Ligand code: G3I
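Next up: a single chain in structure tokens, the form predicted on its own.
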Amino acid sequence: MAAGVHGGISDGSVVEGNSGRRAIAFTVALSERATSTVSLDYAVTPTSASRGSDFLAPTTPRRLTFVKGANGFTPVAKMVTVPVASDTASEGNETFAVVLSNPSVGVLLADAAGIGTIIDDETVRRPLMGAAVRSTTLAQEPGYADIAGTRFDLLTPENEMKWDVVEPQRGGFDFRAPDAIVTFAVTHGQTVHGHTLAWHQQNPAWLTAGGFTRPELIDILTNHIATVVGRYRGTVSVWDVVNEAIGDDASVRSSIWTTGIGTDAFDIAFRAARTADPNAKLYINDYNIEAPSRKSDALYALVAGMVARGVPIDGVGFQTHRTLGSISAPGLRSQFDRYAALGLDVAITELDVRVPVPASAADLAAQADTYAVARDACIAAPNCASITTWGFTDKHSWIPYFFTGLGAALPWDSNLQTKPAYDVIAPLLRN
């Protein structure tokens, strides 16, 4: 055994059971004696079964890489999908071993093998799994509606709650499109993540070209939020109150709200949302904040200031529109952790991973690995409430329209067939 490489495995539990596979959750942690970077392979192996040989085979070994930061190693949470026999859907207990090996020296880390019990109940903390959806597609495509209604805990309207749809004329609200999604979600026992109340894009011309004074803009903003949030009070559980507040240059983004009202527009928006629904979670949502950077630091400073002022903010949404290998578990966890220190939730709100098209098998495998980084970071963070993919099928993805030559960013392809990324999120899905 390599000196200093010692591990511990916490007990694992089934996250979802069915007649063909079980998803096992466990956490791997290294001692401080380990070197700065450690790679380990892990596999799940059956050890006993209450009804015979329920496990058909051990899992294929997969790689874990730990990078030591200023605060030591961040524990890595994993879910492993294990094939089981067809009679295991009923109650029963089985045990498994998570076995680690060190590929650099070719030894089995015997003292790092942990035994846990698989149980049929969901006792592991599981973030909600969601997807952004479109109301017209729900109505027109039964296959799309079936996946949206049966596989996810949470739905986000992709465009239907944005300002140009909901209030196309001043004071003239149109709730037909968002109502369709909210009704669909309620019918299927799902919750809704509202998106979004204050943004620099998709605003109607009457608003952007109106030449309003600061008091007029405050009145327009607070009335809009009171009307929209108030309509869905008790139904929409989370709101992206402010979207993309920080620009790519790490400054507060110029918008009708920041230029017409000032940076206190964000405080005003959050306070109006809290008044409209005291029980909804209120988030600020942004992109390219998944690792330490000038932009992520600027957002953190903005949020920390809001917390210090007593602004009713509950969480931070990480959009996570990514390319292959562009996020790391330590980087993402470092961001989650510092918001936890402020007492705030985090959520992955718009996950997709774009690749060159047509996508190769190697790219789809690497895409799945990038999805897994996001999934594992959220599972390991006690304050990570949900993971939402921005759409779920490539047929209706926004990526090809904005990134020439890129696409295939979602877990289902354009024909609603699953891809390797689906296997990564499958343990979190319904059914």
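No experiment lies behind these values; they were computed from the predicted model shown. In case it trips you up, residue 1 is the first one in the sequence shown, and so on.
As for the form predicted together with the ligand, it is not shown, yet the points below apply to it.
Chemist: So, residue 201 and the ligand: in the predicted complex, are they within 4.5 Å at any heavy atom pair?
Modeler: Yes, residue 201 lies within 4.5 Å of the ligand in the predicted complex.
Chemist: In the predicted complex, does residue 134 come within 4.5 Å of the ligand, counting heavy atoms only?
Modeler: Residue 134 belongs to the contact set for the ligand.
Chemist: Verify the contact flag for residue 370: yes if a non-hydrogen atom of it lies within 4.5 Å of a non-hydrogen atom of the ligand in the predicted complex, no if not.
Modeler: No, residue 370 sits far enough from the ligand in the predicted complex that none of its heavy atoms falls within 4.5 Å.
Chemist: Flag residue 393 as yes or no: does it have a non-hydrogen atom within 4.5 angstroms of any non-hydrogen atom of the ligand in the predicted complex?
Modeler: Taking the distances in the predicted complex, the answer for residue 393 is no, it never comes within 4.5 Å of the ligand.
Chemist: Which residue among 267, 277, 158, 345 has a heavy atom within 4.5 angstroms of the ligand in the predicted complex?
Modeler: By the 4.5 Å heavy-atom cutoff, the listed residue in contact is 158.
Chemist: Using a 4.5 Å cut on heavy atoms, which of 314, 153, 244, 167 is close to the ligand in the predicted complex?
Modeler: Looking at the other structure, the residue within range turns out to be 244.
Chemist: Mind telling me which stretch in 303-311, 227-235, 316-324, 354-362 gets its heavy atoms within 4.5 Å of the ligand in the predicted complex?
Modeler: The contacting stretch is 316-324.
Chemist: Counting only non-hydrogen atoms and a 4.5 Å cut-off, give the residues of 272-304 close to the ligand in the predicted complex.
Modeler: Heavy-atom contacts within 4.5 Å come from no residue here.
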